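Below you'll find only one chain, the form predicted on its own, shown as structure tokens.
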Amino acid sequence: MGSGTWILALLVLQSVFGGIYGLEQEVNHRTERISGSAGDVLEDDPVGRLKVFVYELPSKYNKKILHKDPRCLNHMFAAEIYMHRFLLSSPVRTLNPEEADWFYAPVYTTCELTPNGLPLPFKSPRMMRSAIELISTNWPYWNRTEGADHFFVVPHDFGACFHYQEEKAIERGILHLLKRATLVQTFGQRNHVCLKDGSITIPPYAPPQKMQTHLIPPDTPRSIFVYFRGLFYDVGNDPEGGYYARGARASVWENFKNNPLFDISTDHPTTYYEDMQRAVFCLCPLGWAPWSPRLVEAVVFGCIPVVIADDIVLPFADAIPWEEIGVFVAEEDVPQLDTILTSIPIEVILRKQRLLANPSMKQAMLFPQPAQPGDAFHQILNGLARKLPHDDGVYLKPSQKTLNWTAGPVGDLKPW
């Protein structure tokens, strides 16, 4: 297709999408509920369905780390901090551990940051082991189940595998002491050693207040067809290329850097949030891990997410109808991305935008302060509530042990 045809197509799309309403549109006929369980789950109220006991750990596991580096409050891994704060004042919290359905240990494993603000996961296994040793020594509840009625928030790139490179994360595997616990994590990929059965996949943290300040009038035309800002190559960590994002981002750049329908760049403008609200499709490709905050941003700003991450497990799949609101493109099909997107019928695009306009969709992806009904905090609690009652196999017989406390790399066994 010649550039003149592309531009003509774009002009047609501009006129079609000019009237699509954005984040704050509240006219009922502009939104559309998903029928069935997805819609029902969004309305669930977890209060009264479960009780959570929060361990009071020494501050070195959480508050002291945050005090040392407050940047942790704003990075994409901050769900571990905000979930702790939420539970401390949540009506599901119980101060009586004997009546608890779940036990939660607030350990901030992503809050040791590099000067560039990236988490250093290398001490995280030792930190988590130390916390588990503490609760197993000072309370009886871990030992009766070896953690099977406990949950931990582990928002690293590859969850409790505690490494940002997939090859090394796979080599490490999930920290052995967490094998029986429920993991609440951003990482989700089918048939992957870093995602265990029963885990709850959550969205990464994106700052709700910051996004709110960048809202533009909801009737602003969506004049950008495809939008993406971010790395295409990671020369520093992948100098030879091809490993980062499994080559998918590089393929986007090489195939579409000169395509007028694709507004893609490594630049991160101050108008980034506004631009997403002017776009029809927002690319959400994998990076080092399958997930990124772009997924949250796309949903919040009503931009149809184009997910390029094979076998990804998306957050709260029973609450958010991803197949209805997004577009999924196999990594090997990236060179045909232009054909795939321009072939989607207008009525399908309009329906996806109507669904994205539903405030419940957006709310389920956010960790607002204070918490609000249907938000990501409540979706996590709903996920925990649906796992109740615990099976009989959760509780061990007296003196029965299943976990090997000396398993794992030798470095993990050093004191923290």
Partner chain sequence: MKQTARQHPNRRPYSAAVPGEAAALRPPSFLFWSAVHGLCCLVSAALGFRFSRLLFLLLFSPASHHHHHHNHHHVHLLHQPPTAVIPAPPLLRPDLPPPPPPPPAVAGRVGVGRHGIRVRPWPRPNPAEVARAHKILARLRQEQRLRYGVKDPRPVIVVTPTYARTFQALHLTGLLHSLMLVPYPLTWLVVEAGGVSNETAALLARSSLPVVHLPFHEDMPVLWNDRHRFEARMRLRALRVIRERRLDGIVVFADDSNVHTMELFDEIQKVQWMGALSVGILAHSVAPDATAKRQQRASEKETSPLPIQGPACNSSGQLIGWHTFNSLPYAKKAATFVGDGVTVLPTKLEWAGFVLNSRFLWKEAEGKPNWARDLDEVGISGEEIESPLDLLKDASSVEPLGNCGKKVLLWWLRAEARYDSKFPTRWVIDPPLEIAVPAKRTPWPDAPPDLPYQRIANEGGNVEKHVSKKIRSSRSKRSSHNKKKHETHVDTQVSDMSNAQEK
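Positions refer to the first chain, counted from 1. As the structure is a prediction and not an experimental result, all values here were calculated from the model.
Another form exists, predicted together with its partner chain; not displayed. Remarks below refer to it.
Checking 320 to 328, 133 to 141, 92 to 100, 283 to 291 against its partner chain in the model of the complex, the stretch whose residues place heavy atoms within 4.5 Å of it is 283 to 291. In the model of the complex, none of the heavy atoms of T213 sits within 4.5 Å of a heavy atom of its partner chain. Mapping the unseen interface onto this chain, I344 counts among the residues with a heavy atom inside 4.5 Å of its partner chain in the model of the complex. In the model of the complex, no heavy atom of D197 sits within 4.5 Å of its partner chain. Proximity of N74 to its partner chain in the model of the complex: non-hydrogen atoms within 4.5 Å are absent; the residue sits far from the partner. By the 4.5 Å heavy atom rule, the three marked residues P119, V193 and S251 all count as contacting its partner chain in the model of the complex. A heavy atom within 4.5 Å of its partner chain in the model of the complex is found for exactly one of I380, I65, A364, A357: A357. Residues from 301 to 334 that approach its partner chain in the model of the complex with a non-hydrogen atom closer than or equal to 4.5 Å are D310, D311, E331, E332, in the order they occur in the chain.
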